[in-house]
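Form predicted alone, single chain, as structure tokens, below.
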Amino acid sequence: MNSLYANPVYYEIAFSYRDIPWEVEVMQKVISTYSHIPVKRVLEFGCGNSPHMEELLKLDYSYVGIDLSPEMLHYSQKKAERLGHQVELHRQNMVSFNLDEPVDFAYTMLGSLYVKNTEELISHFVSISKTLTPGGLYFLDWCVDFGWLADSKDSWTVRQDGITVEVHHSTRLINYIEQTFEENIELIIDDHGTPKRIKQTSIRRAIYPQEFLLIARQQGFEFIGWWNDWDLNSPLDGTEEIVTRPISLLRRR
């Protein structure tokens, strides 16, 4: 139970600083502008606590989520039941997965495209090319690295319903050639006076723009664009400073 992904309540609080309705509004604009097909089925990779699910269901989308954590999937299932909706949740690895029915729109949030090497990145795109309907979009939040690998640190605190979660996030370079780094997320929690501590460590591979485009195009995707900080009025051309959370968009040919 010390795993971050085995504690969906604390995870949800830790990352609740986002404006979820606004993010769904941005995705809606992307769909209306760039999708070549009507969108009915929406797929989230690394869905976790499925923060966008409620807003998407309000818009009459069918929600499909993929995650490896049984605790997260159970939490999302209970959320859907409270909302009175049926959803599809699958315990599968985003590196290699299979769905019985295709989807019309797919997305990955908060840099959750977890791959350890180039082979896994290719496998991810092979799987999604079989799953996403031609003309459909793949939307990625903070998954492409526009800066070179470097050690980093960040922290923030969120208080909600008598629970305080202090979050510490850091990365440590492992290997420049393999483009690997160690990501550490630590939660220091005060749950109505009860102290708790959760730490998660992952080994990840950085994904740079040109290799991202090369692999995506090889697997049948066309590049639509990338924008700074979720702002569709701020396309990236490589000359500006990346503030935070750049978004990237592909379309299945």
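Position 1 is the first residue in the sequence shown; the rest follow in order. These numbers were taken from a predicted model, which means no experiment stands behind them.
Another form, the form predicted together with a small molecule, is not on view; read the next lines as being about it.
Taking 4.5 Å between heavy atoms as the contact cutoff, choose which of Ser69, Asn228, Ser35, Ser62 touches the small molecule in the model of the complex.
Looking at the other structure, the residue within range turns out to be Ser69.
With the small molecule left out of view, which of Leu89, Leu121, Leu99, Met94 would have a heavy atom within 4.5 Å of it in the model of the complex?
Contact residue from the list: Met94.
Is the small molecule close enough to Tyr138, Asp145 and Ser248 in the model of the complex that each of the three has a heavy atom within 4.5 Å of it?
Not a single residue of the candidate spot has a heavy atom within 4.5 Å of the small molecule in the model of the complex.
So, in the model of the complex, is Asn49 in contact with the small molecule at a 4.5 angstroms heavy atom limit?
Yes, Asn49 sits close enough to the small molecule in the model of the complex that at least one of its heavy atoms falls within 4.5 Å.
Report yes if any heavy atom of Tyr75 sits within 4.5 Å of a heavy atom of the small molecule in the model of the complex; otherwise report no.
No, no contact at 4.5 Å.
Do Phe125 and the small molecule share at least one heavy atom pair within 4.5 Å in the model of the complex?
No - in the model of the complex, heavy atoms of Phe125 and the small molecule never come within 4.5 Å of each other.
Do Phe181 and the small molecule share at least one heavy atom pair within 4.5 Å in the model of the complex?
Answer no; every heavy atom of Phe181 is more than 4.5 Å from the small molecule in the model of the complex.
Quick one: which of 172-180, 80-88, 155-163, 110-118 gets within 4.5 Å of the small molecule in the model of the complex, going by heavy atoms?
That would be 110-118.
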